[in-house]
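Next up: a single chain in structure tokens, the form predicted alone.
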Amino acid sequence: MKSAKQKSLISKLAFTSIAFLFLITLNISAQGDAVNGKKLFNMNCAGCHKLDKDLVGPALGGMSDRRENAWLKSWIKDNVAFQKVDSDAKEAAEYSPAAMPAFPQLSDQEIDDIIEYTKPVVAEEMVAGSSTVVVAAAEPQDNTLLYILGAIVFVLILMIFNLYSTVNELKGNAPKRKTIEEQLKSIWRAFAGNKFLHFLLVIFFLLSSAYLGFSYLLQIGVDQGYQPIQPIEFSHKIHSGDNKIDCQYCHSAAKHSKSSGIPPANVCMNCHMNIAEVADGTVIGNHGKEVLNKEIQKLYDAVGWDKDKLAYIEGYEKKPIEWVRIHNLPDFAYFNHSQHVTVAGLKCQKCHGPVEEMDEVYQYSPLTMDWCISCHRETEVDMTENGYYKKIHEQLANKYGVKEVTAAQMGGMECGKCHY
């Protein structure tokens, strides 16, 4: 029979080990995922930063050694607001005349992933010989954390029972065991007779299962990174980036309606009546001039344009270009482009990312409710150019005790704004 003192010691050892396991689990969760960090870096940072040398912005290799994690998160999420309260941030902004955009859509975990990727040792291993690849939402889930967690649980359980056996042997209450079989039988008997340990393990597994299950369910329906193959290899980088064509020249409905609209082929023909070939040296992916000229021909085949006679073919039966939709909100969520583009004055890149740098467009932002709400909470409403807002601004500023009013304080957090 075990004494009360022995039972107390065993319970304390068990409790300490379980607590240690929780701490390890939390520490693993807090670490960044360098693989995901590379994808996020390429989507959000690579246009202005490199890891090993300065570009528009400074080199980001090893940035975690130069700045604290909390400082980096505040800077990345909204550097303009951060400059108002931090002198180092204001000094950092003077590095380049080009203002760095805010990234409120990035979560703390995503920023940790980017930071992990920029660590010198990790970056050297991952950058060597690999090209930028945007992975669609169907990518298999990385179960590394589950395997590590399972291994830690198994090892710690063995440690707990080994400590229990050692304590008993030191007190002379148990004979020394020589074989593994005898040790396993002793461990099982000890486990079967310790109800407090049963309770701790049940609680641990329930909490772990809830955490892992909820984390997995949060990924459902999030199509960030989705990049379908389009019927024509249209490059936004060439049109919007190299040729500086304004987004709203093609997506003209964004200023006036709920939808940004898909530009009709006639809009393309405004230019391509006289542009039947791409410039020499143009490359999209692995495709050069010969292949890309055939992509322009697909446009002519759709509208019935004779590039030799520079005229439309009479009686030609036009064929619609079946573009594949990339950004798609659930039916129960209402979003109005004109409210954001015309009223709020937001740039397309705020939600769609650096489209001018993309050959094939992909879904840049997660488009989740949390992402939208975070933006509403952090975006200050400019009321200086509209007299109607002056009185409202004064009332709300006094009500909330602030100088600037955010979109959330203007009603951007009301459920009926997006769900009605």
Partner chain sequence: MKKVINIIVLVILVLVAASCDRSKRAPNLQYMPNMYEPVGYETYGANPNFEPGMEERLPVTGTIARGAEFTFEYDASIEGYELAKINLKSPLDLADIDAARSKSLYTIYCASCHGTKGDGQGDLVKNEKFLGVPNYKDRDITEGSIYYVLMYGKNMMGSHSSQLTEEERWQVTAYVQELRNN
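Predicted, not measured: the structure shown is a model, and the values here were computed from it. Residue numbers count along the first chain shown, from 1. For clarity, a rigid core is taken as the largest C-alpha set superposing within 1.5 Å between two forms.
Here the subject shifts to the form predicted together with the partner chain, a form of this protein not shown in this document.
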property	result
Heavy atom contact within 4.5 Å of the partner chain in the predicted complex, the stretch among 323 to 331, 194 to 202, 345 to 353, 84 to 92	323 to 331
Contacting member of Asp223, Asp78, Glu110, Glu233, with respect to the partner chain in the predicted complex [4.5 Å, heavy atom]	Asp223
Contact residue in the predicted complex, from Lys307, Lys289, Arg189, His256 (heavy atom within 4.5 Å of the partner chain)	His256
is_contact(Thr118, the partner chain) in the predicted complex, heavy atom dist at most 4.5 Å	no
Contact test in the predicted complex: Leu60 vs the partner chain, heavy atoms, 4.5 Å	no
Exercise: Asn69 in contact with the partner chain in the predicted complex, heavy atom 4.5 Å	no
Partner contact for Gln227 in the predicted complex: the partner chain, 4.5 angstroms, heavy atom	yes
Core fit, then Pro320 C-alpha moves 2 Å or more between the shown form and the other one	no
Core-aligned C-alpha movement of Cys351 between the shown form and the other one reaching 2 Å	no
Rigid core superposition, Gly288 Cα moves 2 angstroms or more between the shown form and the other one	no
Closer or farther in the predicted complex: C-alpha pair Lys244, Lys39 (3 angstroms or more)	closer
